[in-house]
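In the form predicted on its own, a lone chain appears below as structure tokens.
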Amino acid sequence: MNDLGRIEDLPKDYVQALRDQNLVPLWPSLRGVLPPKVPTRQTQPTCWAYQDIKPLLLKAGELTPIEKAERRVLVLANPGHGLDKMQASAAIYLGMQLLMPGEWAPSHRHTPNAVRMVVEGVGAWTTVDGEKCPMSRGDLILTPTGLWHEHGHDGNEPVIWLDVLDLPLVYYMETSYHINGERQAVVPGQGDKQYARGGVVPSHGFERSKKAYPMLRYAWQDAKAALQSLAADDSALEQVQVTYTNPETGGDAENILGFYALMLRPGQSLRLPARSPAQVFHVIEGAVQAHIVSSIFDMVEADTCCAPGYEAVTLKNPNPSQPAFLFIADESPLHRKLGVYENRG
């Protein structure tokens, strides 16, 4: 195909006449928005070391009281998008949030979906839609679009968690906002207890739950046990992975981003195929070496990295005697809904 014309090839008075009418010629920019074979991607392979984040986050706890911060967070920003954009990928926002003993982060709700992956500390809790969810390392807690949620801390040491939101997408759509609320009254019942066994779900009489999000807390002890059982059941299984799902529908836990837990056997190297969605990797236990494009990240517990879409990723567990466990977030549900999901192998 011949090279397309450049904007510089057009008479300046013609270009100005177009702009005066809020018009732009497509052809000079066509290959920028529709490049051949592989999309243009701003997401860069990036790693955030927890040992670097934690002291800065604790310092934020000294500098800014929760009453002024409301949510005390350091954003994990991808330099490819620009630090001011506060996004890890096109649709994923990441942030490390701190809650100190005795603090309460006020109740609010917002249009972006969020999840919390607990990194460190005990004694904190998140109340979502009246359900009080205790927070322990590796737990995944949903705060879906439109549901009231607040955070509190009854323990005696800092608690830190990783926030994962679809904020960049919702903001781009001009639909991002929040509403403040009052402290929630806790209601009886916990979804993680009601849906504690695979293959069975609670029923009221003969009626199944119609709640959009019947399970809000996914305990790490249960996810880890599922991975270990999966690995023990099939010693030849290469990708020991589980997906966090809605227990009533079997669909994704939330409707824009997908969430998974992955186990790497001792010494294992695993190649993940090139797929269209960008993805985030967070180490829950052990150590992992991530090879993404030309970058190699040696990650330990609580480190986080991201990979652009359309690129294969190789993950290696350097420990020859102990497994490693990761939390993964990606844009797969969004891509499938839009009809652009690809697995290029």
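Bear in mind the structure is a predicted one, so any value in this text is a computation, not a measurement. One-based numbering along the sequence shown.
This next part talks about the form predicted together with a small molecule, which is not shown.
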Seminar exercise, completed: For the small molecule in the predicted bound form, the stretch among 226-234, 248-256, 186-194, 89-97 with residues bearing a heavy atom within 4.5 Å is 89-97
Problem set entry | Partner contact for residue 132 in the predicted bound form: the small molecule, 4.5 angstroms, heavy atom | no
Problem set entry | 4.5 Å heavy atom contact, residue 149 and the small molecule in the predicted bound form | yes
For this session: Report yes if any heavy atom of residue 265 sits within 4.5 Å of a heavy atom of the small molecule in the predicted bound form; otherwise report no.
Result: no
Exercise. Is the gap between residue 137 and the small molecule in the predicted bound form 4.5 Å or less for some heavy atom pair?
Worked result: no
Exercise. Since exactly one of 120, 103, 222, 163 fits, which has a heavy atom within 4.5 Å of the small molecule in the predicted bound form?
Worked result: 163
Exercise. Quick one: of 167, 76, 124, 142, which gets a non-hydrogen atom within 4.5 angstroms of the small molecule in the predicted bound form?
Worked result: 167
